[in-house]
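As structure tokens, one chain now follows by itself in the form predicted alone.
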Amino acid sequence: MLKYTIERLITFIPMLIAISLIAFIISIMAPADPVERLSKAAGTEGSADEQSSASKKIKQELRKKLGLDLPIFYVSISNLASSDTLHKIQDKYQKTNLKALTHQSGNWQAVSNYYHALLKLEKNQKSLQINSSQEDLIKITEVNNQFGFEIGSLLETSKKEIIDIKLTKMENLLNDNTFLNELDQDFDYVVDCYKKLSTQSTRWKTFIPTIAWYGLNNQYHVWLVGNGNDRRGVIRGDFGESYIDGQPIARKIWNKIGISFALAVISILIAYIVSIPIGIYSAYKKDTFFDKGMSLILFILYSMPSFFIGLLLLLGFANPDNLSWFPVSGIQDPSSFDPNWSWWHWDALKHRAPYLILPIITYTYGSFAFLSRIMRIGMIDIVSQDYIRTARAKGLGENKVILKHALRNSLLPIITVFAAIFPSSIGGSVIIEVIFSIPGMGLEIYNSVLNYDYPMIVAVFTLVGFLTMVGYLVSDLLYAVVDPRISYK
């Protein structure tokens, strides 16, 4: 069994790589800009300072910290016309525009000259000194802003007809406003560079494939392994920072996972303790009144959705107008809970018990029908085997035949279901935790989806994938424990 376990752990390596690749693709394909989101979470963004050099410097440092100034992967497959340094462009809209222009022209050097000419024109336009009387200042400011807007549009536009319209507008503004004369030379250079996109076109280069190798200095490697400085990588538990509050994802998960894990384990244990005896007895009393009646009751419970049962329990047993036996939400009363209590402290357990009764019932009831039916079918199949009839023929008592010989082999289907414990302990129950306002992973995932907190979503996806593999490995090992006929030698 040790050899089998080692072999299975080795097979985890390509599976983990595949999971990490999928998670990384999700993270980079997410529509939100992580720099903008983290800037807002850190409070560095404001309407007055949005274009300030200080704000840009902060964003540039944040982009470098996240590794967004690096190529995406170890290698890239592109064409001869494309640049292998395009990843250094910070603005994603400008980056998309440069890709489109390169595809149209096939001459990256001409595209680069045009892009830098626009950046120089934009820089000189923003630093333009305006000397005017008070009554003309508003009009001049509007014209200057309009000219800057056209430059910004050109930086993000690759369609020829739109570029021609923008250049014509800018030329008219230059001709009609003398205070813009300082920008004439820079504008003429932009027009000249733009014309060279077509006159010096080498479109044939876009049809020649090339492979660029970036080595270990890429976004995926930093995301997975870290950079040796401030980034530790996913394999060491560093999933980045939350877009909501800028807190480390690992810390947020660690603070929330204990509650969801406790609820999942307690609920599953109760479900197994109740369901296994019901399944055994139903199989023993097959097609009797007890079997049919219990099946009817359990399937009625199973057909009711968890959110309906949760709301029904709240209205019935946590309602001041009805029976206010249990608290409405949360897991503790902040006014009476002592923060110095550990979770295993008797006072802490006694304090939190009333808060957890209704959620555990909601968490557990639906499993009764599912698990008991699996146990019943497995037991019926086993008791019809020849070795069970042989055991009865030898004169063994019915309890010994069922509980010793039949039960052990009928646990295989139950063990398969047991593999779901690990991922469910991470993900929690979104519906139940939202209904009862339980501050666990389910509620955290719900808030992350609403707020587009992609690092948290990717982290949960990665952990659930990993723990699913661990769960199936544990199930395979338990098969050999309960059934001697199964061997992994």
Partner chain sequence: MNILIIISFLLFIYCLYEDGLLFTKKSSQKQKKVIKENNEKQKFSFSKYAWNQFKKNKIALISLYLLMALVLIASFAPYIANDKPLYAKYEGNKLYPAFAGTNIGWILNLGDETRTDSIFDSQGDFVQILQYDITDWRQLNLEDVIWAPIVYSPKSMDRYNRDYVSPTGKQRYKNPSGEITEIPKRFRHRLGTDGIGRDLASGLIHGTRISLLVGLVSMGIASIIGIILGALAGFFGDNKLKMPRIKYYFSLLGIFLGLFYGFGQRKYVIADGFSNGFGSGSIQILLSILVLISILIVCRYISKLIMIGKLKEDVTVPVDTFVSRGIELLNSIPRLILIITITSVVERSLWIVMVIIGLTGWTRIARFTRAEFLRIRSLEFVQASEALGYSSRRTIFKHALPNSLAPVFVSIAFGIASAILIEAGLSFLGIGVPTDIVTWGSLLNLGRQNIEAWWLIIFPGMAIFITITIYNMIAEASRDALDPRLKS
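Keep in mind that this is a model prediction, so the values were computed, not measured. If you superpose the two forms and keep the largest set of C-alpha atoms that fall within 1.5 Å, you have the rigid core. Positions refer to the first chain, counted from 1.
Not on display, but discussed next: the form predicted in complex with its partner chain.
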Suppose contact means a heavy atom within 4.5 Å; in the model of the complex, does that hold for all of I268, I331 and A480 with its partner chain? no
Within 4.5 Å of its partner chain in the model of the complex, heavy atoms considered, which of L119, V274, L312, V75? L312
One residue of L323, I235, A100, I165 in contact with its partner chain, assessed in the model of the complex (non-hydrogen atom, 4.5 angstroms): A100
Sort through 243-251, 180-188, 370-378, 145-153 and report the only stretch with a non-hydrogen atom within 4.5 Å of its partner chain in the model of the complex. 370-378
With heavy atoms only and a cut-off of 4.5 Å, decide whether I445 touches its partner chain in the model of the complex. yes
Please check if F207 has a heavy atom lying within 4.5 Å of any heavy atom of its partner chain in the model of the complex. yes
Answer for P305 alone: is it within 4.5 Å of its partner chain in the model of the complex, judged on heavy atom distances? yes
Using 4.5 Å between non-hydrogen atoms, is N319 touching its partner chain in the model of the complex? yes
Quick one: name the residues from 235-253 with any non-hydrogen atom within 4.5 angstroms of its partner chain in the model of the complex. none
After superposition on the rigid core, does the Cα atom of Y93 shift by at least 2 Å between this form and the one not shown? yes
Y387: after superposing the rigid core, is there a C-alpha shift of 2 Å or more between this form and the one not shown? no
